[in-house]
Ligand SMILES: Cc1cc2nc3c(=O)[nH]c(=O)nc-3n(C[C@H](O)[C@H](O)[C@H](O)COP(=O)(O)OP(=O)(O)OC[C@H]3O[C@@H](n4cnc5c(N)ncnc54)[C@H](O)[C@@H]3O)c2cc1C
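Consider the single chain below, provided in C-alpha cells and representing the form predicted alone.
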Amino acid sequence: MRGLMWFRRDLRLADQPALSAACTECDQVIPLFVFDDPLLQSKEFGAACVNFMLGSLRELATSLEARGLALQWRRGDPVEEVVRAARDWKADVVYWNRDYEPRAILRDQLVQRELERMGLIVRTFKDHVVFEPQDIRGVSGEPLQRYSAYRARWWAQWSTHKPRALPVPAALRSSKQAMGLPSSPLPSAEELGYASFDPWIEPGEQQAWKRLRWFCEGPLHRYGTGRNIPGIEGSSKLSPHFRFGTISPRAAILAALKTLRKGRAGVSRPDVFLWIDELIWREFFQQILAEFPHVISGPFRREVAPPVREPGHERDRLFQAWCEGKTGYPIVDAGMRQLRQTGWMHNRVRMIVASFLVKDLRIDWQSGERYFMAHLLDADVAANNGNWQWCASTGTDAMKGYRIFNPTLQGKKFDPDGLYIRRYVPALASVPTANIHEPHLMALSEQEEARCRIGVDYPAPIVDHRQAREDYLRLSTQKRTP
C-alpha cells in the first residue's frame, strides 16, 4: 500500500502520529509539504515566520533523506495540490495531523471530500495539542469558556489517559521510498516572496530538543521568577517550535515532568507546573478558536468594546511610533525593537506593549494583533488572538476591571537595572540606572553626560500615562453607561 504523508504544522520525526501510522501501515511512503500560495500572498505572516518554517523544513528534508525518504513539495492551493499529488503518485491512503484553525478545518474538509470521492482512504490524527477541543468539555458537553475550569479538566484527562510520546518510526530506518521520487531543493524565502531573515531562535527538530534539554536542566526550575525578567534567559523560547511542530507538546510536558523524578537538588515542582500551565493556556486558546471562530474578526465578549481613537493623522502617528519603538517609554520601545530585530518578544513585554497600545494610545487591539502576526517567529493565530484579547479585556476571562499596565512601573519591577532596555535601545546605553525608565526627567546636563538628548537621540513620551489612563477609564465608563 502506498501512503502520502502530508506535513503541515508537524515538521519532525519524533512523536509524529501520522508519520508513525504511515510507516506502520504502508509499504511505500511519500512525504509531502505544500506551500500555501494564497496564504503566502496574503502576507498575514512575515519574513521571520516564513524563514523559520523554511529552516525547519530543510532539517526535516535532511532527516528524511538520511532514512531513505525524499521530501516532495508543491506550491499552490493546498486542496488542489494534495489531491493532484495523490492522483499523480497513485496513493492509496493520505495521512495528516489535524489543525484547529477555522480555515484549516475547512481546507481539510475539502481535501478529505475530494480524496474520498476518488476512492482514497484518509487517516487523520491528533497532534498539535495534547487534548483536542472535544476532549475537554463541561458537564453538559459544552466548550469551556474559563481557563480555570479548562485547566482542571485538562489535568483530569491527563491523569486518566496518561499520554505518551511516540519514538521515531522504526520503519523509517528501512527504505520506504516510493517510486524512486527524487528530492529537489526547497525554495528560498525570496522565491516565496519574502525577504531573507536569519531566525534568532534556531529552527528545526534538533534545535527544539537542544533548547528543551537546556531549559529542563535549569531555567525551568526558576520559571516563576525568570519568566518575568526579559533581561535574562528565563523562558524556554520554544513557542516557534510548537508553532511549526518541530517538537510536540506531549514530549515537552513529559520531559518537564521527568525532571521531578530525578531527585536532584534545585528541582522545583511549582515552577514545572507553572510552565505546563502556559502550554495548557496554548491549548485553551486553540479550543476557543475552534469552538468560537468569531474571535478571528471580533471580540470574544461581543458586549465589550474598548474605546478607540478616531482614524486620522494623530492615530496613525501614535501607531507608527509604537511600531517603531519610539514611544518614549523605554520598556515598550525595547520590546518593539526586539520584535523588529529578532522576530520574537519576551512574554511579559508582550503584555506591556499590548496594554500600552490599547489602553494608553486607544488603538484597536486588532491592529496590534495583525502587526504581531506579521513580525513574530511564533505567529500563531490562536495564541496571538487569545493573548491580545486578554490584554484588551475582551477575551474569555471574567475580569471586571480594565487591566491597565503602567509601563514605567512594569519596567522598574521587571528590568530594574535596564539590562533589557539597554540591549535594544542603544541610545539609552549610558543613561544611569536611576533614570533608565524615565530618561525624559533627566536635566539637560545629565542628558549631555549620558549622550542621550531627549527629543533628539531618544523621544519624549508620546502620551502621559496618568492622563491616558484617566481618559481610557472615563471613556470606558461612558460606553458602558446605559
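Counting begins at 1, following the sequence as shown. Computed from a prediction, not measured in an experiment: that's the story for all the values here.
FYI, the form predicted together with this ligand isn't displayed, but the following is about it.
Participant: Among 97-105, 313-321, 188-196, 347-355, which stretch has residues whose heavy atoms lie within 4.5 Å of this ligand in the predicted bound form?
Facilitator: Contact-bearing stretch, as computed: 347-355.
Participant: So in the predicted bound form, is this ligand close enough to residue 131 to count as touching (4.5 Å, heavy atoms)?
Facilitator: Contact with this ligand, no.
Participant: May I ask you to state whether residue 282 is within 4.5 Å of this ligand in the predicted bound form, using heavy atom distances?
Facilitator: Output for residue 282 is yes: heavy atoms within 4.5 Å of this ligand.
Participant: Although this ligand is absent from this view, report whether residue 235 comes within 4.5 Å of it in the predicted bound form, heavy atoms only.
Facilitator: Yes, contact at 4.5 Å.
Participant: Determine whether any heavy atom of residue 394 comes within 4.5 Å of a heavy atom of this ligand in the predicted bound form, and answer yes or no.
Facilitator: It does not: once this ligand is placed as it appears in the predicted bound form, residue 394 has no heavy atom within 4.5 Å of it.
Participant: If you check 127, 333, 380, 81 against this ligand in the predicted bound form, which one has a heavy atom within 4.5 Å?
Facilitator: None of the other options qualify; the answer is 380.
Participant: With this ligand left out of view, choose which of 71, 361, 86, 376 has a non-hydrogen atom within 4.5 angstroms of it in the predicted bound form.
Facilitator: Of 71, 361, 86, 376, the residue with a heavy atom within 4.5 Å of this ligand in the predicted bound form is 376.
Participant: Are all three residues 35, 200 and 244 in contact with this ligand in the predicted bound form, where contact means a non-hydrogen atom within 4.5 Å?
Facilitator: No, none of 35, 200 and 244 comes within 4.5 Å of this ligand in the predicted bound form.
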